[in-house]
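One chain is shown next in structure tokens, namely the form predicted alone.
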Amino acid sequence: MLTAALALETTALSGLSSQLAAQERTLKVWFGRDQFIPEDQFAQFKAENPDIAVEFEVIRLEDVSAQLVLATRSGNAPDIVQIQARDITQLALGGMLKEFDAQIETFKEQFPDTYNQLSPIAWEGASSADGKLYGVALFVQSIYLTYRKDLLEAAGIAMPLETTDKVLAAAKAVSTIPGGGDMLGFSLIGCCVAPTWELPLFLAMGGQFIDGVPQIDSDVGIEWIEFYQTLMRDKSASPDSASWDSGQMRAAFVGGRAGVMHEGEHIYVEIEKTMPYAEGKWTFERLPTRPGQTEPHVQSGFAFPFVVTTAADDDDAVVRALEYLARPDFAKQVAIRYQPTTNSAVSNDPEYLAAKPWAQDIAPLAASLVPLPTHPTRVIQIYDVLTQLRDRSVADTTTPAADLAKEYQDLVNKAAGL
């Protein structure tokens, strides 16, 4: 009898342990910004998956790669982390990320509706340079030529602008509108941030990358540098542009003190608050090409993918969490308040269209986005050099653009290990 009782107790304890283990599935997620977190903070996910507890926090996109390295070394890495797409290959080569091709097939089989709503860049934006998949990019940004229609009309400028020479002419005309005071023709970044505003223009103008290395010592590269120098020489941009970061550039446009800028759609949410799109005072178009350009126009985008780390040991929980974040209801929340989503179902959602009245106009431009090319292992070093070039182009209008192109191509090549 005692033996039977002990056996029964052992069985009961084993069952209890199994139950506790089932209740203790934990998933750790790092978001790149507060704005990417679902409004319900995973409440519905918990209701659907009571055995999975989601712990989440914000690690800024600018800091997350370094923090992931440290967390992996200390054994405290998250299961899912949101990063900048440019860092995927380097983190994968460093053993931080887990290949997820097979698990995405599970995603497709278990959640076909959500899977089929995602555009191709959702997968391209979460892949390494050699095509291996590490997660899903639910949010992708691009830079557009954005301008005040009312100011360009007052300056006698025909729209759309389409080419860089017309952009320069429009900026100069706006800055010299009679009675315009200190109105800036073009609001320009001159320091302090990565060249993610400038590289998309380089591509749109026909610029080429070879193995992730931009070929700036070229006719395109020289014209690209001259574009920024001309804005400064013409006094179309603020004389203080060399010290302006993205916040100051945006403030000038949103505050009605500038006529043109290159900017991402997420800032249109702020513009809408002071200048409703429906009033017709501002608009946008794809980034300009060079006059007479024969190379194809490229509208590039940069993604903020959710990738899976090597710390993740519960593929089922990871797939369920990624699908949850990808659903139209949750992707829409982020798309309304912040970054555009790769879930195509959101683009026709009435709530989304009401919140972003420009959405239908921008959809054809966003449909052709291609990922911004990056070097697989030296992207940070190359970006550092390109940031210096951008700053120099704004601050130094006397050195010939051809000389700058040669000087900085040598530095870029060195940064790439060539």
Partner chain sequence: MRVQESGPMALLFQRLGPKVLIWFTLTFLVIWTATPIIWAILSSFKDPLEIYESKSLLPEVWRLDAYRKVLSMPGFSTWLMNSVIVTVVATIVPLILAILAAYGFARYAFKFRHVLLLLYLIPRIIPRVSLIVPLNDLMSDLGLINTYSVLFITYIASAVPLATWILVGFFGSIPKEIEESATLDGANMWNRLRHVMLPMAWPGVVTAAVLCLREAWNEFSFVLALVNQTDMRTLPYQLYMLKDSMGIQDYAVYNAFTILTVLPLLLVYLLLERKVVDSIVSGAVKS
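No experiment lies behind these values; they were computed from the predicted model shown. Numbering follows the first chain given and starts at 1.
Omitted here: the form predicted in complex with the partner chain. The next part is about that form.
Trainee: Using a 4.5 Å heavy atom cut-off, which of 345 to 353, 382 to 390, 362 to 370, 66 to 74 contacts the partner chain in the predicted complex?
Mentor: Going by heavy atoms within 4.5 Å, the stretch is 66 to 74.
Trainee: Does the 4.5 Å heavy atom contact test between residue 227 and the partner chain in the predicted complex come out positive?
Mentor: Residue-level check for residue 227: no, no contact with the partner chain.
Trainee: Is residue 209 part of the interface with the partner chain in the predicted complex - any heavy atom within 4.5 Å?
Mentor: The answer is no: residue 209 has no heavy atom within 4.5 Å of the partner chain.
Trainee: Does the partner chain get within 4.5 angstroms of any non-hydrogen atom of residue 57 in the predicted complex?
Mentor: Yes, residue 57 sits close enough to the partner chain in the predicted complex that at least one of its heavy atoms falls within 4.5 Å.
Trainee: Would residue 113 sit within 4.5 Å of the partner chain in the predicted complex, counting heavy atoms only?
Mentor: Contact check for residue 113: no, nothing within 4.5 Å of the partner chain in the predicted complex.
Trainee: Could you tell me if all three of 62, 257 and 267 have a heavy atom no more than 4.5 Å from the partner chain in the predicted complex?
Mentor: Yes, because 62, 257 and 267 each have a heavy atom that approaches the partner chain to within 4.5 Å in the predicted complex.
Trainee: Among 106, 215, 246, 293, which has at least one heavy atom within 4.5 Å of the partner chain in the predicted complex?
Mentor: Checked against the cut-off, the match is 246.
Trainee: Just one of 313, 182, 130, 279 has a heavy atom within 4.5 Å of the partner chain in the predicted complex. Which one?
Mentor: Going through each option in turn, the one that passes is 182.
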